[in-house]
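The chain below stands alone and is given in C-alpha cells; this is the form predicted alone.
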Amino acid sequence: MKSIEWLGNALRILDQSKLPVETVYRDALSYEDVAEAIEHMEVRGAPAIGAAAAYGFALGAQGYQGNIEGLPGYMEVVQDRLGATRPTAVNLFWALRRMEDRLRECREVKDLAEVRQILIEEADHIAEDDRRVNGLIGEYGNEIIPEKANILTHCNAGALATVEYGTALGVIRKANETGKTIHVYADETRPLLQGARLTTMELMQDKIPVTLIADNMAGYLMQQGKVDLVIVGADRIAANGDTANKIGTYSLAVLAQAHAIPFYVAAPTSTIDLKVATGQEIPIEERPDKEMRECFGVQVAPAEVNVYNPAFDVTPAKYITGIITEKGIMTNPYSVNILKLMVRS
C-alpha cells in the first residue's frame, strides 16, 4: 500500500486513521484537502508529510484562477496553510521551501500551464528522492544489524510514513531481504496506536516476525535480555543531534542506555534542521484532548479530566548510538559530524 500517489490532477491519500480495519483512499483535489489530511493524520510520518505538502503546493497552483502575475502572492497563502498543519516535522517545511524555490525560478515563465507543470515535476522529484533515500538508509542501516537480532521499534517509520520502503522499517526490511534472522517488537504507541495498527501490519505483510507490546513493557523486555537494539525514526534532528520523534521515544532511549542496548535513529538528511541548535528549540505539537479521552470513538477516561497530549518528545543526543542517513551513519560528536555529513557531496 502506498501512503500517497499522484494521479495527474489529484493526490490519492491512504487514510491511515482507519487502518488496519478499513482500507480507504481519498482523492485530494485542492491544497486545502491536503492540509486537512495532514492535520487529521490521514497522511502521517515526516517524509510522507513533506511529499504530500509538495503535491499540495502543486494543487494550489492548479486551483489558481487569476493571471500569472498574481500567482506568487496566492502561493504564499497556500504555503502558509500547508505549513501550519504540523509544526514539529521539519520535512514539511523543507519540501515547501523547495517548492517555493522552484516557483521563484519560474519568474520569467509567462505561461501559467507551464509553471503548473514545473511544480508538479518538482513534487515528483521530491517523492522520487524519498524512495531513493529510503533505500540507501536501509543499506547503511543493515551494516549495524547482527545476523540474528531482536529489534525494538516505536510508532511507525515504515512505507506508510514515507513515500515508499521506510526509514527505521527500511533498515529492518533490508536486513530481512539479505537473509538475516530478524524479530521485531513493536510498541503500540499510545494514544493513536500507530505501532499497533500500522507497524505490525506492514511487517506481517512482509512476513517479518513481529510481536506487539504495550508501551510500558519495553523496559521489562530489556531487563529480560530480549532486545538487542532499538531503531526509531525522527521528525526533526537538531544541529547537535537531539532528536524529536513520537512521544515515548525518549523513554526508550533512557531505558536502552540503562541496559547497555544500542539506540539508533534512522532518518533522511532532510530531517536535520541546522537552524535549530538543540532539541530545546524544536516546537512540539500538542494534539487534541479527545485523542486521550477516547480510543477510536470509545470513551476511556472521564469526559472532563484534564489532558496533556504532546505528540512528540526530544531524545538528547547523548542517548543516541548513531543516526542512520542516506549518506552514512553518524556517531558522536554530532555537532561536528552532522556538519561534515551535510556538506558531503
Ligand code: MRU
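Nothing here was measured: the structure is a model prediction, and the numbers come from that model. The first residue of the sequence shown is number 1, and the count goes up from there.
Keep in mind that the form predicted together with the named molecule is not shown, yet the notes after this line are about it.
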Given 27-35, 46-54, 293-301, 272-280, the stretch touching the named molecule in the model of the complex at heavy atoms within 4.5 Å is 46-54
Considering non-hydrogen atoms and a 4.5 Å limit, does the named molecule approach Asp235 in the model of the complex? yes
So in the model of the complex, is the named molecule close enough to Gln79 to count as touching (4.5 Å, heavy atoms)? no
Check Lys174 for me: does it contact the named molecule in the model of the complex (non-hydrogen atoms, 4.5 angstroms)? no
Just checking whether Thr85 would be counted as a contact of the named molecule in the model of the complex - the rule being heavy atoms within 4.5 angstroms. no
Though the partner is not shown here, which residues of 145-161 have a heavy atom within 4.5 Å of the named molecule in the model of the complex? Cys155, Asn156, Ala157, Ala161
